[in-house]
Ligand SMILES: C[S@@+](CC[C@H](N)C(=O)[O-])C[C@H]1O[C@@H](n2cnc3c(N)ncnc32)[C@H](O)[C@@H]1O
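Just one chain follows, in the form predicted on its own, and it is written as structure tokens.
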């Protein structure tokens, strides 16, 4: 449920926005000067990230390829205020029976995240992860960090992910980050199988020559409150953020098993937004073969698929054309 922003401190939010714009690989060691900064961020910028997580996790809840048991270990890596872990525990309450860990370069952020996770979900065990090995049954959450990781830090993260049972990685849906995430998938295919969004376990077809302008991204739906609450409207205006648009790139993988995972047969994953015109919808799709396909769906030929694409939605799947 989306929260009303509690007494926005616009000076603090403006300062945080400037810090985010300055951030780059290794550029900022710690955003957080105070718990007040964290609380303001958590109620605004982080809440918007939570909307993205809600969409991704909603996709997983209906995906038979996910189907992980409860009571596993959960690690929120680069946790910030712990919004990814809190969204995950809301979507999968059985995970509260396991061990929840947070990790961040900021000790202050870790303590804040631990407090918020404890208040919202009261997991059976809750602690800060300070490095080393993780249990094999760990689900690692990674959120909005890729553009701030220098090469060595990224390699260290990938080494950590290789120890895990599953990975859920969510980033802004920009062209650069969407393509970077597709490249990272290829480096993990020797250890993991892909759950979402890809309908295949091949390297991303968008990285083939001729596809340099395309990338894997989707648009998460904002909650109604984002347009109905006066403070959210003011936040969007002051921060120059369109709250109606939540472009998102993500990757979900789990440790490969001897038998293949269960995927909907013959389903094409629609990338970005379908482009409707009179009696026709065109779009880009990810095919189960690993290819990227240009789709043109005439209403006169396939009314059901045409109307489904025109309606839109997060992470659309449609039947492969025969």
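Computed from a prediction, not measured in an experiment: that's the story for all the values here. Numbering follows the first chain given and starts at 1.
Keep in mind that the form predicted in complex with the named molecule is missing from the display, and what follows is about it.
- The chain is drawn here without the named molecule; in the predicted complex, the stretch among 76 to 84, 92 to 100, 217 to 225, 242 to 250 whose residues come within 4.5 Å of it by any heavy atom is 76 to 84.
- For residue 134, no non-hydrogen atom is located within 4.5 Å of the named molecule in the predicted complex, even though that partner is not displayed.
- Interface residue remark: residue 145 is counted as part of the site for the named molecule in the predicted complex, having a heavy atom within 4.5 Å.
- Although the partner is absent here, residue 149 lies within 4.5 Å of the named molecule in the predicted complex, judged by heavy atoms.
- Among residues of the shown chain, residue 31 is one whose heavy atoms approach the named molecule to within 4.5 Å in the predicted complex.
- Among the residues 49, 286, 57, 297, the one placing a heavy atom within 4.5 Å of the named molecule in the predicted complex is 49.
- Scanning 176, 153, 122, 186 against the named molecule in the predicted complex with a 4.5 Å heavy atom cut-off leaves one residue, 153.
- Residues in 221 to 237 all lack a heavy atom within 4.5 Å of the named molecule in the predicted complex.
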